[in-house]
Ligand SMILES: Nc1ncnc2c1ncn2[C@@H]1O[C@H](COP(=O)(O)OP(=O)(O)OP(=O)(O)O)[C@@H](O)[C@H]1O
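Before any questions on binding or motion, here is one chain by itself as structure tokens, the form predicted on its own.
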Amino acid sequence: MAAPAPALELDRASRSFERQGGPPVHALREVSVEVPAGGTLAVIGRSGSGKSTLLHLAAAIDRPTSGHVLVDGRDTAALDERARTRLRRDTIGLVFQSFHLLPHLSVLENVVLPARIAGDPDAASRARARELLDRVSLADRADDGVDGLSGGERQRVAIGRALLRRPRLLLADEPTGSLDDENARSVADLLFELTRTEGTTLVLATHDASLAARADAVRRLAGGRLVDP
């Protein structure tokens, strides 16, 4: 039996951006890395090292200038915009440093939102959202507005939202970057525990060495290239 495809594979992936009146910016340079299904990878590096560019390619938000990015065995560069949108919707979950919650929606409605966009049955989606809110210790805040939540609570809501549709791949960009030490530890515990129990592959970009050390593998970016951690 053939081995399952990696959840994420970058094969000599590069991304350059044209700059008016100057040479192109090489944000990522021939990066090759594989993340097996159910694995965890931390990508570390200074600001401007290419971490966010790598995550944008992994999320099929952007295409590589050269090389290949495969998500669940599918080459994102070969997909049209509609197919890449479906891939993000059905296969990828995203967690951001700044949460990106909608202030006019309740906690529960924020978590349910991806399912509503996808047209999933409402009753099952709300039940799944309430299950996740219970697991992130926010079941009693389901009907509250998100403006009244702390930063750590908002990030827990964002993690629940990202996991709602059981993505194969979860991408987290500095998920603890805006939190104090206590909340950062709590969110990190939750992130790794939930991805383990959900069977989700986790790729995170972080400046936090203690967070990175919890991943199965750590890779460091410098000047858009992978170097030894």
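Everything numeric here is computed off the predicted structure, so don't read it as measured data. Note that residue numbering begins at 1 and tracks the sequence as displayed.
Keep in mind that the form predicted together with the named molecule is missing from the display, and what follows is about it.
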Practice item. State the residue from T200, S49, N183, T65 whose non-hydrogen atoms include one within 4.5 Å of the named molecule in the predicted complex. Key: S49
Review point. Which of V31, A60, L191, A27 has a heavy atom within 4.5 Å of the named molecule in the predicted complex?
Key: A27
Review point. Looking at 175-183, 160-168, 41-49, 192-200, which one sits within 4.5 Å of the named molecule in the predicted complex if you count heavy atoms only?
Key: 41-49
Practice item. Answer yes if any heavy atom of R12 is within 4.5 Å of a heavy atom of the named molecule in the predicted complex; otherwise answer no. Key: no
Check your understanding: Quick one: which residues from 190-212 get a non-hydrogen atom within 4.5 Å of the named molecule in the predicted complex?
Key -> H207
